[in-house]
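The structure tokens that follow cover one protein chain in two forms, given apart as structure 1 and structure 2.
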Structure 1
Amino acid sequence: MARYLALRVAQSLLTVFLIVSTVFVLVRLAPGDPAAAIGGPTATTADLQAIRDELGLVGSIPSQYWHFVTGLLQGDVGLSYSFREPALDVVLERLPYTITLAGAATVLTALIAIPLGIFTARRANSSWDVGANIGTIAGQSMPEFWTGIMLLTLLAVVVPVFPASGFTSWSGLVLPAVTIALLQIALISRLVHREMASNLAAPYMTVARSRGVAERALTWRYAFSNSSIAVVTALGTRFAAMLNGVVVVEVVFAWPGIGSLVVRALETRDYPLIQATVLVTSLLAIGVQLLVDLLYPLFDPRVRVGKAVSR
């Protein structure tokens, strides 16, 4: 177990380092000049050169990269150009909002998608199953920006039940969380339906029924237990993806999370802020995936994490 953890942590750190290094190079190769974004249209050539000197953008990319790596090893990814604060502090200040939104959407997804998938799997090919399929396909087809705008118009403007933007109270969490969850519910419920239908039709279920096992136990203890690893993996993957910032939803609802921060960083060519965002979100996403792997034995005793090292 300890060896497996050490190996996974080492792999994760290497992955994060490669991701951050790739982003470092790509943002500098992309069109645009941070000095011009800061100086504005009235800045002279001398002004732009002075800004580049101040930001440390005068050297070659390899020399800038070396400076970045030495700072990264000390926990410093640079000063944000637009906020004039350590970029890592700016990202960490926004991080709780994104975690809150992603967590609320994931909980809402699990509470609705899992029972819905089980319900339709137990009633395969019925009118309930057909109706649920139509609903989930519609949920997958609706873009998040459209869903967000519709919910915003109906429940914040026409019928002002919830706040239109920001996070001044917990009621402001409802609309963005529901907007994200609608798509996730469609995806996860179809996965649960597929896994449950496969397990309910398995030969071991016929044997269990012949032994007089109750239908409730067949559904939850047998079928869902064997489907749980796929469901947990899917929920963990979606949660990790949401931690990278649900950009469209955060922009629509003016949510003060990482997604809207990334948009601002890209608009202003704020290299340190982009790098800090990628660093933090990569660490979180990989950490969530590692946690999901460690949870597997709780759902299926046949899985032993320590055996992964010898594979």
Structure 2
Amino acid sequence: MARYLALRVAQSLLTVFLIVSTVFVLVRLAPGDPAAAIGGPTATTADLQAIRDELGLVGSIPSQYWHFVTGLLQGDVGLSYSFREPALDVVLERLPYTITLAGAATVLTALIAIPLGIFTARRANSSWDVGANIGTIAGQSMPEFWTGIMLLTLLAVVVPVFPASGFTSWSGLVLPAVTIALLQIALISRLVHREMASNLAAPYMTVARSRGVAERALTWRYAFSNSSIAVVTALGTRFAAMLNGVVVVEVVFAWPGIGSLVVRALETRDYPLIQATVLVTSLLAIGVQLLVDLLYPLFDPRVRVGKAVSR
């Protein structure tokens, strides 16, 4: 257990290191002088020097890197230009909203995708199944920002059921969460379908059936139990990709999370703020995945954390 835990944490740290280094390299590879871009045409030489200082763009590359990393370890990624306060604080202030939205979308996905996948798997190749298949392909093909605007217009403007934007009440959570979940449901329900179909066709099912186990129990206690680990894994690994959708959807719904923040940061060329959002969201996704990995034994007692997993 301890060894597995150490290995996974080391792996996560390696990912964090790669991301941090990528951001560091990118900012220095960029053509032109970022300080000039931030300072604008009226900046004096002293202004530019001050901005470079603040960005950590002075000294040799190794010493810049050292300052960058030590700064990070102290939770310092620089001052946000538009907010005039530490970029990390600005991002962390918005983080709970993003987590709420992502969490709601995940719950919604699980509640719909799992039953849908099981239903179609039990009727493999029927017209229900083909219909659901084409439906999920359509679900994967809609740009989230477009679906969001459409839902918003139909259900908040034309028929005002939900609030149009922002986070004024809990009902404001519904439309953005549904928008994000549509794509996830399409992807996860196919995965549930595949896993269930292969488990339903396994020989142990025939044995159990011949011994008189009820169909309901066969589906849930046998096939689904064995599929659940793959589903949980997918929900975990897809979390990072889902955060991409959250960013876009937040912009559509003016949700006060990280996504709407980053678009503003882009407009004002607020590099420290963009860096901070990259770091915080990466850490969040890596953390969620680590957590999911450690939860495996709950879903599948055959997996003893620390032993090799055949999957």
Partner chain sequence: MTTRTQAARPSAVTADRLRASAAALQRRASRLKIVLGAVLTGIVVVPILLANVLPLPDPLEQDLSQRRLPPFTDGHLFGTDQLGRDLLSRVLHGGQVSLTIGVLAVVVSGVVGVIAGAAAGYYGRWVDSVVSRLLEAQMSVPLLLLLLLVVALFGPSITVITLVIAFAQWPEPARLTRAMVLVEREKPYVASARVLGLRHAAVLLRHVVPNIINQVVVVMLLLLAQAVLLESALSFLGAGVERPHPTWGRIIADGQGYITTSWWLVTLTGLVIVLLVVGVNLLGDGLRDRVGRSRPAKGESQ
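If you're wondering where the values come from, they're calculated on a predicted model, not measured in any experiment. Each form is matched to the other, and the largest set of C-alpha atoms that superpose within 1.5 Å is called the rigid core. Structure 1 provides the reference sequence; residues are numbered from 1 along it.
(request) May I ask which of the two structures is the form predicted in complex with its partner chain? (result) Answer 2, the form predicted in complex with its partner chain.
(message) Superposed on the rigid core, does the Cα of Arg238 end up 2 angstroms or more away between structure 1 and structure 2?
(response) Comparing the forms between structure 1 and structure 2, which are aligned on their rigid core, Arg238 does shift its C-alpha by 2 Å or more.
(message) After core superposition, I'd like to know whether Val58 moves between structure 1 and structure 2 (criterion: C-alpha shift of 2 angstroms or more).
(response) Val58 C-alpha, core-superposed: shift of 2 Å or more.
(request) Superpose on the rigid core and then read off how far the CA of Ala46 has moved between structure 1 and structure 2, in Å. (result) A shift of 6.4 Å.
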